[in-house]
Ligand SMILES: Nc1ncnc2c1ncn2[C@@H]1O[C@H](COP(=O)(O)OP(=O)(O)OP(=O)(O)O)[C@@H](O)[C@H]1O
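Below sits a lone chain in structure tokens, taken as the form predicted on its own.
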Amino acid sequence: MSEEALVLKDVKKVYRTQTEEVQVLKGINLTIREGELAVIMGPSGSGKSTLLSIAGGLDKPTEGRVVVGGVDITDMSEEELAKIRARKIGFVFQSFNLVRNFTALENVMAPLIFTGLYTWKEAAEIASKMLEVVGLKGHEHKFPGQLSGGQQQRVAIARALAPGPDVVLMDEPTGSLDVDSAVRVLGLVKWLNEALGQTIVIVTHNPELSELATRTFYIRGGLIYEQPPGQILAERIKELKGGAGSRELKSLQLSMLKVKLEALERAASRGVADPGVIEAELKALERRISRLEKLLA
């Protein structure tokens, strides 16, 4: 049985003002296992963005616990959370959030450098390979303003995936894209989940995204419900998964994960991070490497 990538236990969130108290989340219990692609749907004001912020350590629950990749992040300081977010959680936002005066390569390198685990050379190597994985080889030195909306979102996805996170959280990832670009990005997201085993959680109001999901949830009134599975992949996504380039990209991913393994082992030997956190990360990383090695055998 696969391990748990993300667990929310009895999570509640209350916002208080001088005159009122608003309970946005009313006891969320959610477990996402490694390799799943979960879609959480809900209308505006349902609490889905608050749920995503808490799952990603950007906000703290009023009550309950949040566990990412086997590490309880609930009571961590902001400094500790920043390091955990850099290594264990990837974010993809509707508005891309790319640094405008950074090239595509530099945008993808940024979270790797921030972790403090990688040398500049290692970060550049991983970033270059990750841009190749998302289909942007040859665009490494272009700035965001020189890329289309769909290409910018693929840079954002590469940036989120580059540190080898336990889970990637996506907030309306196609909301700013035209229909054609949205289809391409969603095909890429599903392929990354299926071919590379990346755990992904998408928050959206678009019911069509449920067709991508291994599991679909619906949030309303601060409570979450699991929905029946949607339809299977479109033929194009199946072709991507089994295509000739699939093995090459698996090999690319494997090489990137091995660089991260070396960096984590180096950090552990230097004592620059919490031993419990490093141990949990090493175990999760070793499982992912083992799965990829079996797929390539």
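These numbers come from a predicted model, not from an experiment. Just count from 1 along the sequence shown to find any residue number.
We do not show the form predicted together with the named molecule, though everything after this point is about it.
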{"item": "Partner proximity in the predicted complex: Ser269 to the named molecule, non-hydrogen atom cutoff 4.5 Å", "value": "no"}
{"item": "Heavy atom of Lys137 within 4.5 Å of the named molecule in the predicted complex", "value": "no"}
{"item": "Contact of Arg220 with the named molecule in the predicted complex (heavy atom, 4.5 Å)", "value": "no"}
{"item": "Partner contact for His205 in the predicted complex: the named molecule, 4.5 angstroms, heavy atom", "value": "yes"}
{"item": "Segment that reaches the named molecule in the predicted complex - one of 47-55, 61-69, 261-269, 26-34, heavy atoms within 4.5 Å", "value": "47-55"}
{"item": "Neighbours of the named molecule in the predicted complex among 11-30 [non-hydrogen atom within 4.5 angstroms]", "value": "Tyr15, Thr17, Val24"}
